[in-house]
Structures are given as C-alpha cells and as structure tokens.
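Read the single chain below, which is given as structure tokens and is the form predicted alone.
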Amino acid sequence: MNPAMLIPLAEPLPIPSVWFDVLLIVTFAAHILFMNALVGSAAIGLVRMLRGNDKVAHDVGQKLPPLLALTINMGVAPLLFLQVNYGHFDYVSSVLMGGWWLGVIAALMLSYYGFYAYKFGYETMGQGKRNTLFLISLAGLLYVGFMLSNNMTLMIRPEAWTRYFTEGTDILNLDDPMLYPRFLHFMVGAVAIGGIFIALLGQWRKDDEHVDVGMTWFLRATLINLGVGMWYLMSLPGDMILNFMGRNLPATMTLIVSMGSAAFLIWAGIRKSPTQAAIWASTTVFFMACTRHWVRAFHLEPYFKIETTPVTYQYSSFYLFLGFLIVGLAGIGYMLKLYFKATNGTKGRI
C-alpha cells in the first residue's frame, strides 16, 4: 500500500502558514518550560522524599497542582497551531493510536488528583502514602509524555501507518529508533529545568538549601542530556543529519545557536545563578523547539510541503486572536507573580 494514499487533503489556510509555524514554535517552547518545571521538580521531590529528606518535596508539592494546570493550558495553543498546519497528519496518528491516546486524559486526571491529595492531605497521611501518591502522579505524567512522543513521531512517518491494517489494532511508534532518545531528551531536560524551578523558589524565599539542591540537579541533568541529545541527533536518518551539518544552512545555524546557548546555560549552572540559568534555559528551549520543527519538516518533505497549502488571506480572525493573546499573557503574568509570591501558611497561598 502506498502510504501517501492515507494522507488527507490539507485544508486552505486563512493566512500564510509561516504565522502559524512561528506561533507553534513560540507556544510550544513556553509549554515545554512549564512541563519541564512540573515533571522535573516532581521527580527531584520524589527522589528526595525516598531518601528521607522531604523538605524540598513538601515545598514542591504545594506548587505542583497549579503548575500542572498551567502546563495543560499552555499545551492547548501549540496543539491547535499544529492542527492548523499539520492536522491532516496529526489527526491520523491520533486515531491510529486509539485507546493509547485516549488514555492521556485518564493519566492527567490521575496525576492531578494525586498532587492535590498530596498537597491538602500532607499533614494527615503517612510517609508511605505520600510516597505512593507522588510516584503514581509522576508515573501518570511520564505516560502522557511517552504517548505525546509516540504521536508526534508517528505523525511524521506515514510509512508506519500501514501497520494498522496488518496488526488490526491500535498502534504505537515503538519501532522508530528516534522515539526513545527523543523522549529521554525531553525527560532528562525536564529534570534540569525542574532543578532551576526549585532554585528559583529558593532564591525567592532566600532558602540556600533549595538553591543548592536545585542547581546541583540542574547541572548534572544538563551534562547527561548533552549525551542524550547527541544520541537523538544520530538516530535521525543519514540524509537528515546532513541537513544539520551544513547542507541546509538555516537548520544548521539553528542547531549551532542552540548548542551555543546550552554552553552559556552550563556556565550559569556552574556559577549557581538561578536567574541567569532560567534566562539561558528559556533561550535554549526556544532554539531546540526550532530544531524540532526542522526535523518535522524534513520528515514530511517526501509527502507534504506547507508552502503548497492554499491561502485565503482572511486576517480578521488573526487580529482578534492577537488581541486575546495580549490580554491572556497579561493575566498569566499576574498569576505567575502570585504563584511565586505564595508561601505556605500565608493568606496568598495558592
């Protein structure tokens, strides 16, 4: 079977596709930063708790429910922009995954409940129950991350879609050599950003222990992730690797800039400066998101080029979106200000 026959026709776009690609990259980078802070800080908190030192876990646990809510909301925008430009690939992969993909909703609800139960029942439950809640909640998040990695890699491999007709059941992208380093690259990166998140909390509260713990975890995870990132790059098809090695200048420059930003990020970690680390981490994540976009474009090239999609040039809805975006960002900025300001036992507790 020719896999190209399984690809639906692309719908016309209201404005040029470059606008949606830019918004996709920017909103995805923002979502990843929130996701990393959530998953990474939860993982660090669990390890500390299992070692018998749960002060960091307790403080992190108070922040996880609202952080999970923000992560989910920040993930809506990039998913919508993805569906505008590449929905005829994303919808197909989501349907082929079937129950695995629908399980994401249940896993998120389970994690949400677990973190809330931990936060509000901390004083009344035993250590064993606290550990179990944290572990189950983190496992739910890891499931969501793995399913997202499956979906985002399956959508760019139409040649793998034909397995559905031979296996006759929901499929995953487990035979893709790119899947595992890609997933680990996100998860190890999450531990690094989670360390920065804990350090920022410590800096805000003038708690040197939090700063030291957070920056130590950040630096170690970042150094490990350099190796995982190299594994991810080497897992790409040979022709695609050449695109990042000079054959495609924009893609090559994007990778070089992201690696340069990562070098400054490591330097900030060595200096144990949470603020500088947060700035360079945001920059690095943005350029990594750009690199990820190039990977998607190169994979889809044999089947689809976004430049060929018809455009109707109807800008009114885009202007309306920008207006709501500005108002929404202002609201999120205010909520984040309250979020970091909140301390346990105060009137402004979140």
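As the structure is a prediction and not an experimental result, all values here were calculated from the model. All residue numbers are counted from 1 along the displayed sequence.
The same protein has a further form, the form predicted in complex with a small molecule, not shown here; the description that follows concerns it.
Proximity to the small molecule in the predicted complex, defined as a heavy atom within 4.5 Å, singles out one entry of Ser93, Thr71, Thr222, Asn173, which is Thr71.
When the small molecule is considered in the predicted complex, only one residue from Met215, Ala251, Val144, Ala268 comes within 4.5 Å through any heavy atom, namely Val144. The candidate spot formed by Tyr113, Leu133 and Leu135 lies out of contact with the small molecule in the predicted complex, as no residue has a heavy atom within 4.5 Å of it.
The stretch among 33-41, 54-62, 316-324, 300-308 whose residues place heavy atoms within 4.5 Å of the small molecule in the predicted complex is 33-41. At the 4.5 Å threshold, heavy atoms of Arg48 stay clear of the small molecule in the predicted complex, well away from it. For the chain shown alone, Trp161 is not a contact residue for the small molecule in the predicted complex, no non-hydrogen atom being within 4.5 angstroms. Of the heavy atoms in Met187, some are within 4.5 Å of the small molecule in the predicted complex. Contact annotation: Leu108 falls within 4.5 Å of the small molecule in the predicted complex, judged by heavy atom distances.
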